[in-house]
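Each of the two blocks below gives one form of the same protein chain as structure tokens; they are labelled structure 1 and structure 2.
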Structure 1
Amino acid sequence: MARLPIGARIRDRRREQGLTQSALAAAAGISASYLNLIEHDKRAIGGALLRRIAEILEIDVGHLSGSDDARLAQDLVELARSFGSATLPEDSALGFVARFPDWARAFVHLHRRYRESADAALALSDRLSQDPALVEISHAVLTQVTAIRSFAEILDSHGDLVPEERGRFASIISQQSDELANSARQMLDLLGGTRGQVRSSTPRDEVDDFIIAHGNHFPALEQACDHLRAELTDAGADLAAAVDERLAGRHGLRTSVAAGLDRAQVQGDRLLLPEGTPEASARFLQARALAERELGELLDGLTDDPRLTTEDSCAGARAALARYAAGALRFPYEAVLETAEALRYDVDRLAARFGGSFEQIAHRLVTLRRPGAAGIPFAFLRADPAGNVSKPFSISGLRMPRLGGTCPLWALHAAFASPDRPIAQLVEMPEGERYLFVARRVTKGSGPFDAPPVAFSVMLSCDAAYLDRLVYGDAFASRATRPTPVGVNCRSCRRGDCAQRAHPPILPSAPARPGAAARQPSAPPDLGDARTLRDSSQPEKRRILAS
């Protein structure tokens, strides 16, 4: 990845703040000439010095270091690849983002709007081709138009019609015209009904952007939760019991279990939990309810953000922050970090130690990003058995699929076949970066026998450089262990020799052979089985519809 112009950022920001080079250098405890070298990108800067300068300049470290830009550049590359622009290298995307950040954001924004339109077009196209009522109305319209045209032509071209014929044909035209208007109205009614059903992807994207822009870490929430926890457990009380008591005493909200619910809900003065809700979930839901009531103003303040442009986005971000606060309240930052390092990030053991679920702890680990006291940088992803991805949190470097499904080889999917223990996987991306994936199947409590179980797979991932700090890395400590070759998703993956390929790549296989058929890079000859052949037709159709 290209080195980011950190120096220029520091210089611009310093000027914005009205500071001289020597004033900033003095405050940061370095010489003015050294700062001058940094500002001209002649000296690398990072770690504590970068954080100190960011603090003095009152700016987010991520902005100075360019990790915001790296993410934006990745989005640009991914969207360019989704259009088949395989030649756009990440370096030039970074340069573009550095020079024209607003234009880059505008492109990403435009692409989102395009995706919404393409989704809407697909939904409508499905509807048009499959809805029997629409097919019937279309047939009626065609019949009416055919009769009208035919009789109109007869009236026009046959001058020898007797008056009875002329009257009869004119009345058929008139009658069929009325029928045609009726059919058109019915069609409008039907199509109008789809408006609310076409799902827009914007609110979720905006919430993701909002959270990632904060580096998965909200210091104000952490602090507020620390205060609240200290207050609740002041007299040595058990936290869970104290939350329960506070909810009832101060907010009049009592928790009880109700039969027949499929998810927790607040009804009047009751927090109702479905039968079979695990202890960890119940405690978490209570903590969330308390955070919503006691930290409401803070949540409102944080979500008053220009990135959240719709009410849905604001509500989504507020809900995400309330979950964050529940985690921060239940699982204290320092204690979790210390224990995680001691237990080598064994998520199941951490869950047992802190009374949380695998998913809650995994989520908490992602948020341990306090400057100066950060844990391993993790990305987080959740998928359902069909591969629908939710709650993605990316980290610098690892691209999270934002435009479609993930690579089927990820442990995220294999975890469904291993319900009782996590799966660890060392992977290598097509460009050579290595990551450790840890995935586990999780369920939403024990529901009634006659209801389908609700299961998800939760995955943490981190750079393979941290292998030795994780218990999950031990299996791959030997240099002889070969990583699993994977991609981000089929569309952007260059691996031509993958037996799990579901979509043809947009990129040509690397290294590209002279004269290789770039138009049809779908499957290598040895993979020409029925699955590949069948599947390869579907994305083509979608692409045509979407373009």
Structure 2
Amino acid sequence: MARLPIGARIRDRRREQGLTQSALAAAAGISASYLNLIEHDKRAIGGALLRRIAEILEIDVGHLSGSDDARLAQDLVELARSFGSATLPEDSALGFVARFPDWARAFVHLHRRYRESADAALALSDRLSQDPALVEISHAVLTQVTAIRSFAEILDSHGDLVPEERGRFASIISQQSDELANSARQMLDLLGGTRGQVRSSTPRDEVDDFIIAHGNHFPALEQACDHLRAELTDAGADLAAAVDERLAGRHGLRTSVAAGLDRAQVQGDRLLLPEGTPEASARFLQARALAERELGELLDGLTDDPRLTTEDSCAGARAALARYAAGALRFPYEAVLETAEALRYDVDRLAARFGGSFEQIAHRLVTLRRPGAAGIPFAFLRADPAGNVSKPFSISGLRMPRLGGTCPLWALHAAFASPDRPIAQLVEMPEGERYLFVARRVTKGSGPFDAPPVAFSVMLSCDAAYLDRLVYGDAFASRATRPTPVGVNCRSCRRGDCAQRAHPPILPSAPARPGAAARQPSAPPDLGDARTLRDSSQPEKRRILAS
């Protein structure tokens, strides 16, 4: 992006102060012609001269230099791109920020509010199309509306009904209206909480909400795990060996391998691991078992949260926190952050350095959100070969779907075809934002010959602004590779020119990008209209009149 036009601010401030160019130039110790070049941004300015002019104009040097405005100008460019105006010159955004910073901030704030509303609408569309409870209530609403319409048309079309029949039909309409109102209340209860926020309806969704609300960072757990690790390795002991010894010596829990298991479990005084469990997974499971026993009170305190409304959601959150603690114990915060920056977030090298798996390290990177010592903000998602998603964690601007599938063009799915290496992908969302996706297929252990492998695809994502800090961004550093146009999923994606579309969009199609092939946008879904309701009521009317 070009430099901010400081000259316009100097000129505007000089005029506000009632100074001529000659007067300001003389006071600053420069020629009037040189000041004229500065005010028209023909000459760069900084250092002592900028500070001297700021003092004469009685204005903060930071305001003149625009040190805080470069990001605001970039926000304006991204805002324009999101509405299909990708050809607007960046210099015009810089000039607008220089002359009207308050208006620029207002436009960016308005756009953010729009994005928040759009995200809420898309989240609700996911719920309406996937949540079994909402699907059932929606069907009930449609049935009740159809019944009310049917009986109302009978009353309107047949004036010769005897009073008894008219009274019976009116009573049915009243009853169906009460049921419709009750269904509407149930739907509102499911969709919105006390503050109008989208609310979960399953324990897993409540656990996701709980983790997202904390930004997937729990300082109390980090501190407790630091203390526990220091105690375990005080005499220079290996951490993995110390955890194993602590489990056996203090808690009477010994680790052994058992045949026929599909997952680890505790039976009596044994932590049983399936045959073929990788060493990284075994160490992680031991660390989790130790955290559950030694940090139990802390885990219980953290799950005492109003977002967790059932015993199942509390248990799920406690298990998620135990896994978090295992990662915090095995992979120290400061060491992981420092090494990640040095290795440019190469997850495979980090996994080799710390003795973890790709998924474990990816999880740990997402939790590096300590204020003042944070890593790159990552989103996280896991999917199985059928496209079922789990462990969604979003970042600002990029919503990870919580129900249903994802866009089939995501690297999340391509990773299944490349099991031995990560897949890096630069994508552009329908609104114009760009993100880097890094995905890899992972398998859970090695079972018997006739057992199908348990495979997942794990994906990290971050804003494209961090490309130069990640080894995965090197392939896109030259900007020669065009980003892949993607969406979140078909229902919420407004691209009208996608050959991979499986479902029509709920929202109107987005405007075509400059240079994109003109294609007819997909038709909106047929949600039913008055004609449909009327036609569906005819057999019911005939049956009632015949009875």
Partner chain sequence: MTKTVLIAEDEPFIVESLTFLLKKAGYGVESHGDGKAALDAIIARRPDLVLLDIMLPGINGFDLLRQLRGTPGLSRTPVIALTAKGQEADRQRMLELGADAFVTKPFSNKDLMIRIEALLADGGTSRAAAAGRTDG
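Only a predicted model underlies this, so the values are computations on that prediction, with no experimental measurement involved. For numbering, take structure 1's sequence and count from 1. Think of the rigid core as the biggest set of C-alphas that the two forms share within 1.5 Å after superposition.
**Student:** Between 1 and 2, where do we have the form predicted in complex with its partner chain?
**Tutor:** Only structure 1 fits here, because that chain is the form predicted in complex with its partner chain.
**Student:** Core-aligned, does E164 move its Cα 2 Å or more between the two structures?
**Tutor:** It does shift by 2 Å or more.
**Student:** Superpose the two forms on their rigid core, then report whether the C-alpha of L298 is displaced by 2 angstroms or more between the two structures.
**Tutor:** No; L298 is a residue whose C-alpha shifts by less than 2 Å between the two structures when the cores are overlaid.
**Student:** Answer yes if the CA of T367 moves 2 Å or more between the two structures after aligning the rigid core, and no otherwise.
**Tutor:** The answer is no; the displacement is under 2 Å.
**Student:** Can you give the CA shift of S183 between the two structures, in Å, with the two forms fit on their core?
**Tutor:** After core superposition, the C-alpha of S183 moves 28.9 Å between the two structures.
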